[in-house]
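In structure tokens, the next block holds one chain alone, the form predicted alone.
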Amino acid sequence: MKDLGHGANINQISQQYNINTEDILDFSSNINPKVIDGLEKYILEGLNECRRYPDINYTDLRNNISKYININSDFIIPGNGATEIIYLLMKCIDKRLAIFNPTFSEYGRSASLNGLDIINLELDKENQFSIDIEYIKNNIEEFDSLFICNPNNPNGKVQDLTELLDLMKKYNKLLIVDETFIEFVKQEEKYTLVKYIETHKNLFILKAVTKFFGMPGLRLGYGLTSNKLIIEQVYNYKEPWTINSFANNISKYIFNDKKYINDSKEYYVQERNYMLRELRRLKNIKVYDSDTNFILIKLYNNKSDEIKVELLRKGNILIRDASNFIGLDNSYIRVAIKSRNENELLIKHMKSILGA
């Protein structure tokens, strides 16, 4: 199998280092540790639904998402995770795609597999990975579509994209925004572009339940756009029944669980502050600001693969070696924010390796 360079390669690590999978503390995968109340009940309900095909139009699912984010259900394209939507979208856009890096590798991979010309743009590492709007203005004719993750993976910083959106609309360019992690942001309403979907036909947003709702194995994501041509093209390529009965059924509950949503948001505000504070007490590293559920770290005296191995051997802790992100090198690692006990263990072992 091809190594796609993502986190959460638990089985491979288990075999390589002879550690039981259940003993590995996985800080490489950015998943909410909180579990929805009633999850087992909802899964069993989904099991009962497995005796028949899901609704091929996903009417109830789209309506449930519609109520959650307050958007017309006609503008919602459900997918088997956000990744399915990414790969479908790459079949439907014009040939020249610009991608802000460092970022999630599947944007570039899906574009390449679909024969698109990729223009790699750099976020400003010296300024919290910010966008240089003037550079975009000066090079706007070099691409047809622009892909950005907000908050960005791997650095976790959210940005106000309204000026970029207006610029792209002015020049009739498509802006694709991955908002997979935006629900972790304290002021989500300020930064999400969902409110612009109906008025901006040049906007496509990706979202998912994977991260915030802590269910990556469920494989449920969705795309948002009011661009009827793109919607039609995506459905021309989309396979039927890619979303299973479990995901379809659980959408009745998770989007309405206000307590889970609010508790998760509050938890991450507090725990993010704790992690940033404690990590910044360690020597020989730079800790980047984050608005989401992971933190990017630059190592000054260690290499990413070396500290990854040391944390595995000393604490059964798996972190994300971030050296394979475009624009980064072997001085970068990424760590998730997990439960307080797990976070304390990570800090303890990093302190023993890096020095207090």
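From a predicted model like this one, the values you see are computed outputs, not experimental measurements. Each residue number is its position in the shown sequence, starting from 1.
This next part talks about the form predicted in complex with a further copy of the same chain, which is not shown.
- Proximity of Ile69 to a further copy of the same chain in the predicted complex: non-hydrogen atoms within 4.5 Å are absent; the residue sits far from the partner.
- Taking the partner from the other structure, a further copy of the same chain in the predicted complex has no heavy atom within 4.5 Å of any heavy atom of Asn64.
- For Lys186, no non-hydrogen atom is located within 4.5 Å of a further copy of the same chain in the predicted complex, even though that partner is not displayed.
- Put simply, Leu39 is close to a further copy of the same chain in the predicted complex: some heavy atom of it is within 4.5 Å.
- Contact check for Ile119, Asn139 and Asn330: none of the three has a heavy atom within 4.5 Å of a further copy of the same chain in the predicted complex.
- Only one of 55-63, 283-291, 296-304, 319-327 lies within 4.5 Å of a further copy of the same chain in the predicted complex by heavy atoms, and it is 55-63.
- For the options Gln159, Thr83, Gln128, Ser73, the residue carrying a heavy atom within 4.5 angstroms of a further copy of the same chain in the predicted complex is Thr83.
- Only one of the listed residues (Met215, Met168, Leu123, Ile230) places a non-hydrogen atom within 4.5 angstroms of a further copy of the same chain in the predicted complex, and that residue is Met215.
- If you take 208-240 and check each residue for a heavy atom within 4.5 Å of a further copy of the same chain in the predicted complex, you get Lys211, Phe213, Gly214, Met215, Pro216, Gly217, Leu218, Arg219, Tyr235, Asn236, Tyr237, Lys238, Glu239, Pro240, in sequence order.
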